[in-house]
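For reference, the chain that follows is the form predicted on its own, supplied as structure tokens.
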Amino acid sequence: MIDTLDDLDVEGTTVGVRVDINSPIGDDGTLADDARLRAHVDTLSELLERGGRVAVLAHQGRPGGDDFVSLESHAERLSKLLERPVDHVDTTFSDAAREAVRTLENGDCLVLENTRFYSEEYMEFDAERAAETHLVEGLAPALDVYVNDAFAAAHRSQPSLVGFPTVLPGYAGRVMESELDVLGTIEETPEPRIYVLGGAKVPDSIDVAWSVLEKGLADHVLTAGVVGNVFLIADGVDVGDASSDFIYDQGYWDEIDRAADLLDAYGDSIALPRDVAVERDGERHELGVNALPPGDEEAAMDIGSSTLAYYERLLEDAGTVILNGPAGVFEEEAFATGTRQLYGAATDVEMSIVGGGDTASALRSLGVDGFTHVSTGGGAALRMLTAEPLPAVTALQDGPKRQQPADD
């Protein structure tokens, strides 16, 4: 059982809130997209309006990447979104950080520095060892409780995710609570249940397909994108050198055997693309999968209109559709058709659930909305759909429980 904000007496309590605001960064080093920040506004606003003293913990980018930057611009954007001052502290667990947290008053908020500026935070630990890291031992004494709202990172076991709830009473924020409520009860959703698996995360998608078909959670699995190409090859289709080379370069060649085994076991429940779209002379051109010229250098960029019609007919009878991954190279308008129309058709289903990551990015760029639930997490959502435990959620379940709020 996980406590939520409903179980927390917030007023006067110093709350460390782990969020996932890892965002695209512009050439000037500032935020290029604030969608992930907006997702946490409800949790942060509630804590502040209820008199909490909020210290925000978050990461941005990875060492060596252009997006590995300070959280100063994130704090500035949060200040606008929350409509109140939000300070930034250029450290995370030093004396200065603890002093900044301890001087917070009711309704105050600050953002601590990028947790990944410290090497411990891009390593993974078990919860007990994570609680002994410099980050947790340095900052925890300044906090009364810990709230995890970072569902998108919940499949990780880094100190800021699993260490704090080992030594402090832990609570799920509103994003985390909503994700667990929806993704944790897939077996209770209306039937028939259809999974649409696209994009390029082939191993994860095959894991999901195996899991949901074995457990009877899926009536059909529809494939698209690179995932669809892998299944086509497994079914004996020559998808051309360009598509095959991409699969090989990504290290996915062994996944073809797994896809073949899956087709042998559950082939009647797995739908494969019937045609694809390629680029020819700068334009979209559709070909049946059995009409692709052997060795053709034209890569499959999208599912074709025949596949769309086939998949849309299957979706008409669905009670629930779970979608993860785009149907093609949606960034190019000529090849956004499959993703736009397939996801648009899913909004007519009684219950529609969308995975995060690339899928959420595709929806935002294509302006498709109307889903029952759009997850904030890619890897975390996939892991939940295969009934694998999430380390950050387990840490909330196993950690110490409620604590009385601090005195003013």
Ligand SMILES: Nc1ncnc2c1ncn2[C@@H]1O[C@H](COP(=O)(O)OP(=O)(O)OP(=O)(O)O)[C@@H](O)[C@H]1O
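All residue numbers are counted from 1 along the displayed sequence. We call the rigid core whatever largest set of C-alpha positions still superposes within 1.5 Å between the two forms. Computed from a predicted model, the values in this text were never measured in an experiment.
Not on display, but discussed next: the form predicted in complex with this ligand.
With the site C-alphas superposed, this ligand from its pose in the model of the complex puts 3 or more atoms within 2.4 Å of the backbone and C-beta atoms of the shown form; the site is blocked.
Listed stretches are 169-177, 295-303, 82-90, 136-144; the contact stretch with this ligand in the model of the complex is 295-303, by a heavy atom cutoff of 4.5 Å. Think of it this way: in the model of the complex, this ligand has a heavy atom of just one of F330, Y311, F231, Y195 within 4.5 Å, and the residue is F330.
Proximity of G184, F371 and A387 to this ligand in the model of the complex is absent: no residue of the three has a non-hydrogen atom within 4.5 angstroms. Contact check for L287: every heavy atom lies farther than 4.5 Å from this ligand in the model of the complex.
With a 4.5 Å cutoff on heavy atoms, T359 counts as touching this ligand in the model of the complex.
Under a 4.5 angstroms non-hydrogen atom cutoff, this ligand in the model of the complex lacks R98 among its neighbouring residues.
When this ligand is considered in the model of the complex, P326 lines it closely, a heavy atom lying within 4.5 Å. Contacts of stretch 200-232 with this ligand in the model of the complex, defined by any heavy atom lying within 4.5 Å, are made by A200, K201, G225, V226, N229, listed in sequence order. When the rigid core is held fixed, the Cα atom of E298 travels 2 angstroms or more between this form and the one not shown. Superposition of the core reveals a Cα shift of less than 2 Å for L143 between this form and the one not shown. Once both forms are fitted on their core, the CA shift for E121 between this form and the one not shown remains under 2 Å.
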